[in-house]
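Take a look at this single chain, the form predicted on its own, given in structure tokens.
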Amino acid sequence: MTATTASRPATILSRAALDTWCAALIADGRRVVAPVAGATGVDYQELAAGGIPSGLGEGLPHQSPKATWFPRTEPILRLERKGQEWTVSDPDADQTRTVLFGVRACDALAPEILAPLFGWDWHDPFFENRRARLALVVLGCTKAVDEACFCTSVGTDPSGTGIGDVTLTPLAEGSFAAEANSDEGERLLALAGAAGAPADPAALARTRADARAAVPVRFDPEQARAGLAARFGDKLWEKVSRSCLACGTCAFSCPVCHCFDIQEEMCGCQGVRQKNWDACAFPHFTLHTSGHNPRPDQGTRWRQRLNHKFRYFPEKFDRTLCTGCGRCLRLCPAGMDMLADLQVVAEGAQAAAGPTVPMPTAGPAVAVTQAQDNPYRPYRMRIVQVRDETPDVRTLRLEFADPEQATGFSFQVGQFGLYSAFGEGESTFCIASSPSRSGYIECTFRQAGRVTRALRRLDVGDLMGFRGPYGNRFPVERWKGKHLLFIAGGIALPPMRCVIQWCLDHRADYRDITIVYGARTPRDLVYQDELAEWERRDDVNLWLGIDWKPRADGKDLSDQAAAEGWPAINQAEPGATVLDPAQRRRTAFVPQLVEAVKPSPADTVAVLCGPPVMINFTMQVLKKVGFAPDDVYTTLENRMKCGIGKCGRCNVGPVYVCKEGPVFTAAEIARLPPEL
């Protein structure tokens, strides 16, 4: 909507004039979507030539018109295979000018609320192009549809005053006052034909005031925000979510729910990569490949839904992610009542004074330069080397298929990317090589699912995709002159390898470098050649560990060495172990081995990565030996799909890991909700 400095006065249009107006809009080449009455009620539908908005004023349509700016399924790439070669191109842009006619205020506000999300740093052209071609003729309400309406509680004006391009206000005699709110609104009204009589401003103001008074405020959003923060760990969430079916109805009917998945479909040699609506209520939404799920049950997922809408999104974008339309209450097959839950958490809560979670500062955010119109289009990369690290872990060295793209590409230590097996999809991995080793990037992955199985089938000379670099970075400049302690477990060494390589390539900038790395068995240790090199260096202290084996009776862990040449530490009191520097391979879990190494926190930075349970216990050990939370860094690999802060998968509180992470300090993680 483009604001106009001098809107023309509201004029009166008859009901028949609205039908004629719709016909004129269609004749002008516009797609018109309007409320249409049917056998099962009112729904938004595209009008054919001669069609009329028969459901205008007949209550709120069942489904929101979200698909006009955010389709249920939307192509973002076209794929074509010719032999071993792949062509990646953008889909044809939808250039259709669309008018949402007779849209209610609670639906009309949705694109405006979502605009900051789809337009921060990386811009989503699919959303923004559709929004730029969307005009809104808003029909004001005169009363609440039913008790599920709570638009006034979240700042939505039910009268529609100033919302959209044109506001239609129903008048007592069955006509409508039409008022332009933008230059586009003026153009739309010009197609309505001869202007009717001017509306009485005083009567119009009274009608709109009555509409606002007809929808009572049901809760205080600031008190709800404070209550959500105070009751994060409350048993309330398990109790109120017992009836949740995880069906996604609430999200799919909501005009502002924006979560999506990205999938690929092939038909012969032609394919498409597309966005599909998704929902945080689904169990797989945050499920990691490892099997870890930071929101493992419907209670935690329902809590996330309310917190994201009424606490996290406002902290991030200063707007509530809800318009108060009430569809989630009306359509839920299990009777879930978000409004009642908000009233409960708001009761007696003190209004929040401001954001409760400071934004991360660990790794400075990297400035985004959007070099192409479609941020979802990957670079085409050629595989130039394949290395098997373990039976199920492989490293691919990649070079740009287009040398010109290679010239303009750079990344920083700790950033990540999304790697494509064309025709199968993308997976997220940190870049495993250092930017100090130019000319290529490397990714290391464990075969675990559809995409990684497809990546493992590729060989030298094959093409694959890479999107990135994304996220922030390790502040290696800040670490100059400090001792460095690197801690990793299993397949988590690849995200650490990038920063280790950087520090070794700039060895004079740092003091002692200690690496503690463990895996389940000796054969599960990745980068065997590189580990051997680090062991030989006299300026690196490398300690390796393997997991304990179970006792013969299976009731506990044996305290004996798990393999020959891997003597056990003191299992009961790791810190009491006296380590022999000549024997740096031990039987111990990684946190135990760190405690046995007894790292000094003096002028030392610790960097760790591994499974959530390993990170948790290792942070406890580092705290125990005296490390300050600001001196402990980790990199998170939450489930991600878009990589650019749109799809909603990786957010923890108001923080989007793909943008403000993946690098965080322990102090920053302590301020986040415990959902890692």
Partner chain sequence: MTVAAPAAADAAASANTVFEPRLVAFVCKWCTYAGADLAGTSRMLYPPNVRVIKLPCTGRIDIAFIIRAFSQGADGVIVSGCHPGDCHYSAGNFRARRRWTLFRDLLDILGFDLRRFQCAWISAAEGTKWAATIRDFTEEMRALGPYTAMRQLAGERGAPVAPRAAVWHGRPARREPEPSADPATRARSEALAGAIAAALTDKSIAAAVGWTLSPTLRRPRPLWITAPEEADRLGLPGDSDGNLARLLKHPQLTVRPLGMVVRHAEMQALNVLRQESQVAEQDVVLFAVARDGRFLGRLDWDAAVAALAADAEGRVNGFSPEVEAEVSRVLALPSAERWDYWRTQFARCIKCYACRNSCPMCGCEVCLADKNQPQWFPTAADGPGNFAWHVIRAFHLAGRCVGCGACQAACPAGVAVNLLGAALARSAAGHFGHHAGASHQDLPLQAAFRTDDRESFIK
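Numbering follows the first chain given and starts at 1. The structure presented is a predicted model; accordingly, all values stated were derived computationally and were not measured.
The next section is about a form of this same protein that is not shown, the form predicted in complex with its partner chain.
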Worksheet item: Contact between Gly335 and its partner chain in the model of the complex at 4.5 Å, heavy atoms?
Response: yes
Worksheet item: Is His284 a contact residue for its partner chain in the model of the complex, using a 4.5 Å heavy atom cut-off?
Response: yes
Worksheet entry | is_contact(Glu265, its partner chain) in the model of the complex, heavy atom dist at most 4.5 Å | yes
Fill in: Partner proximity in the model of the complex: Ser253 to its partner chain, non-hydrogen atom cutoff 4.5 Å
yes
Worksheet item: Within 4.5 Å of its partner chain in the model of the complex: all of Met496, Arg585 and Val613, by heavy atom?
Response: no
Fill in: Heavy atom contact within 4.5 Å of its partner chain in the model of the complex, the stretch among 179-187, 304-312, 70-78, 481-489
70-78
Item to complete: Find the only residue in Arg319, Arg131, Arg330, Arg446 having a heavy atom within 4.5 Å of its partner chain in the model of the complex.
Response: Arg330
Worksheet item: With its partner chain left out of view, which of Thr96, Ser600, Asn276, Gln528 would have a heavy atom within 4.5 Å of it in the model of the complex?
Response: Asn276
Worksheet item: Counting only heavy atoms, which residues in 40-55 are within 4.5 Å of its partner chain in the model of the complex?
Response: Thr40, Gly41, Val42, Asp43
